[in-house]
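A single chain comes next, written as structure tokens; it is the form predicted alone.
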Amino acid sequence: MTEYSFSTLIYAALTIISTIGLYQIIALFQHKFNTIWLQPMLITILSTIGILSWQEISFKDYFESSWALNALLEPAVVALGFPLYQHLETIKRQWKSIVFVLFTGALIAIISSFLITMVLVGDYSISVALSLKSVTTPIAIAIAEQLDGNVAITAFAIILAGFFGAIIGPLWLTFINVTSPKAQGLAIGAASHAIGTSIVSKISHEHTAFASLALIVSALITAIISPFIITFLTSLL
């Protein structure tokens, strides 16, 4: 029993060290070549998938061995609240405009994604999955299950939305002359949730504060309105 526990501990340590090491190596390459396409989180995930497939290691085994990394997500999310607190006075003064903008964005995202997918694909479960692509994973999956959406596609779409927004979002917003840190933070947080927020956190504390706010508020708005909107749209088709 002791030998088994010790072996499990060693395997878990190697898994965690390898994952962190791979991320750091890619981060060094990104810094050296100064290119947004070498996104450490994205490349690490793709590389890990390839390694697990090559070594025939199940995701369940990998997940159980890297539990410590998952445990760090909770304090990491709490840490996002600090820059939010720093800009609390500004948020209090503009909360009506912020809520209105995020509500409008969530509404357009849900309706447009659902209708476009229904027209092009014609599959209800996929349409539900893609309409929830800009919401943080736990909430999106819960809603997708409730509405008989394809949960696997929901998770995949969330990852794509997160990385696409994180990589392209800041450059695109600057290109169309949206340079306000508040506006950029709200846009990235609403469209690309936690992944986008983690990326813009490297730009400034103001970006982090408003991206964190958008992530939270957009998730709440979507959780409330999406079941009604999708049910209503379905009744019209």
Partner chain sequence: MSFKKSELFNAAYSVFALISCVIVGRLLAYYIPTLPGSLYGLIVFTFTLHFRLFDADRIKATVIWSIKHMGVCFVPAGVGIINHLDLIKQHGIAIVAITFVTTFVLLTAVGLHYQRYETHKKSLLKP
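Residue numbers count along the first chain shown, from 1. Worth saying up front: this structure is predicted, and the values here are computed from it rather than measured.
Heads up, the form predicted together with its partner chain isn't pictured, but that's what we're talking about next.
**Q** Does residue 30 reach its partner chain in the predicted complex, with heavy atoms at most 4.5 Å apart?
**A** No, residue 30 stays farther than 4.5 Å from its partner chain in the predicted complex.
**Q** Though only this chain appears here, would residue 12 touch its partner chain in the predicted complex if you measure heavy atom gaps against 4.5 Å?
**A** Flag for residue 12 set to no.
**Q** Answer with yes or no whether residue 203 is in contact with its partner chain in the predicted complex, where contact means some heavy atom within 4.5 Å.
**A** Flag for residue 203 set to no.
**Q** With the partner left out of view, is residue 109 within 4.5 angstroms of its partner chain in the predicted complex by any non-hydrogen atom?
**A** Result yes; residue 109 sits at the interface with its partner chain in the predicted complex.
**Q** Between 108-142 and its partner chain in the predicted complex, list the residues on our side with a heavy atom within 4.5 Å.
**A** Counting only heavy atoms within 4.5 Å of its partner chain in the predicted complex, the contacting residues of 108-142 are 108, 109, 112, 113, 116, 117, 120, 121, 126, 130, 133, 134, 136, 138, 139.
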